[in-house]
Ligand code: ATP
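Read the single chain below, which is given as structure tokens and is the form predicted alone.
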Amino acid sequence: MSDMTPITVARGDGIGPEIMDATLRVLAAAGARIAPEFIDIGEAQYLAGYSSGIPPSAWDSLRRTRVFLKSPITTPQGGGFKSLNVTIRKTLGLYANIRPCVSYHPYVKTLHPAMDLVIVRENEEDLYAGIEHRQTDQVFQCLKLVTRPGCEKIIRYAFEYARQHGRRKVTCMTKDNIMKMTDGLFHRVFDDMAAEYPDIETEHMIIDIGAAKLATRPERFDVIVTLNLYGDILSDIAAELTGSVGLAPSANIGEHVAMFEAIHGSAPDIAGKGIANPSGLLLAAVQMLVHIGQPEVAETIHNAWLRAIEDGVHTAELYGSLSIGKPFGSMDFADAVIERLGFGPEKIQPVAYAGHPVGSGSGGRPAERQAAQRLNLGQVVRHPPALKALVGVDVFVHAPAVSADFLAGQLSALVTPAFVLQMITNRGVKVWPAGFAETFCTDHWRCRFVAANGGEVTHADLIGLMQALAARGVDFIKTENLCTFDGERGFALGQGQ
């Protein structure tokens, strides 16, 4: 048993147990050298009183094995408990989400037969930090957090992945024409790092036109690297373009732990019917086998799966004119893959792992020719701190049924020699001074105070301002300090400022 690799396994919610049982059956038949440790997470654990959806014993297993094969978990929508998937990724530092999206034309119906791309999604930051507040009767807030180390890690991963897998191009997608500081940082790091990879073609696209081109011409892309929310949306679009989200695997890679899962959800509407497609989880398990150093088993399973798809072994959502018999159920599909272990596809390009040469055939799939060795990622560079200067403060105020001019009059009357009121915005748009009557305003106002002398202020000055606001009965919600870093403005202008 010494050559058996311990892995943590969660059977999940909804269709999770069915597709996990099917996947483990294939792994066992193929001779995967794994020793599963089963944990219970998800819906049942929420109901048992664990608000995170995961008990301490499960964390112990994950930290011990450092490899996690996970079925889908049900995440409440619009309220309730926090997403367990996000909690696991962030807690264990799984910063890189790798989602290959490949077409299997003509055996899986698709409008894009030449599609073969990989989406490398940042996995820990962005709006998925989940820091949300209700600030007034009318306004709710979600904070978007983007860090330089986070950008550097995921962009480095994308370039190293492309180089190791023979990919020709890396495309960065952001919305930095609007979010100039957060998305702008991601774009700047991408441009800086691209200079280190002259052998790889690079491009940047604004996310909206990038998504449009992905939907209509996915074959023009090779590797896409992007922020968390964009990557989540793009990878589901790309997976569906191949013919079915049910075929898409996902690897979540960190410095210490890796998690492998299908990208689809728990599908409670078909749970217990035995008809779910286990392909996404099975191909995620293939990624896992490569990761733990069993590329020969991964290759055997993947090629058997390709042969099954090529032979018309299709579950219900793939069923069509090239299918054989009735739609296959989860376990029947697994058995069909097992019957083909040791055989490869005859028309689809076979896959090869761990540096093995790729077999002959048309339509090579470099995204599937993964190597078992680790990527050369190096260490995140810790940049020296910038010279930081405090030059003002944004005070967010709850003030219903008032005008911007009225609020400005109240705030300008404050006795605060350190500050002057420079601007008021509502939903980011400047409404004072010289606002427009046509601008719709809510009860949530950003009031920008800057140093009266045009220079710096102190934290004691900030406290004095808050005391003055409180004395006048101003309902301030929060503050954001305005700073410069090495003389560069560290805050955005208001729209219209």
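Here, rigid core means the biggest group of C-alpha atoms that superpose within 1.5 Å across both forms. The model shown is predicted, which means the values in this text are computed figures rather than measured ones. From 1 onward, residues are counted along the sequence shown.
As for the form predicted together with this ligand, it is not shown, yet the points below apply to it.
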- Residues in which of 260 to 268, 376 to 384, 396 to 404, 85 to 93 have heavy atoms within 4.5 Å of this ligand in the predicted complex? 260 to 268
- Query: Taking heavy atoms only, is D192 within 4.5 angstroms of this ligand in the predicted complex?
  - Reply: no
- N277 within 4.5 Å of this ligand in the predicted complex, heavy atoms: yes
- Task: State yes or no: in the predicted complex, is some non-hydrogen atom of E317 no more than 4.5 angstroms from a non-hydrogen atom of this ligand?
- Result: yes
- Item | Residues from 13 to 33 in contact with this ligand (non-hydrogen atom within 4.5 Å) in the predicted complex | I15
- Task: Determine, after fitting the two forms on their core, whether F333 shows a C-alpha shift of 2 Å or more between the shown form and the other one.
- Result: yes
- Task: With both forms fitted on the core, give yes or no for whether the Cα of N123 moves by 2 angstroms or more between the shown form and the other one.
- Result: no
- Task: Note yes or no: does the Cα of G409 move by 2 Å or more between the shown form and the other one after the core is superposed?
- Result: no
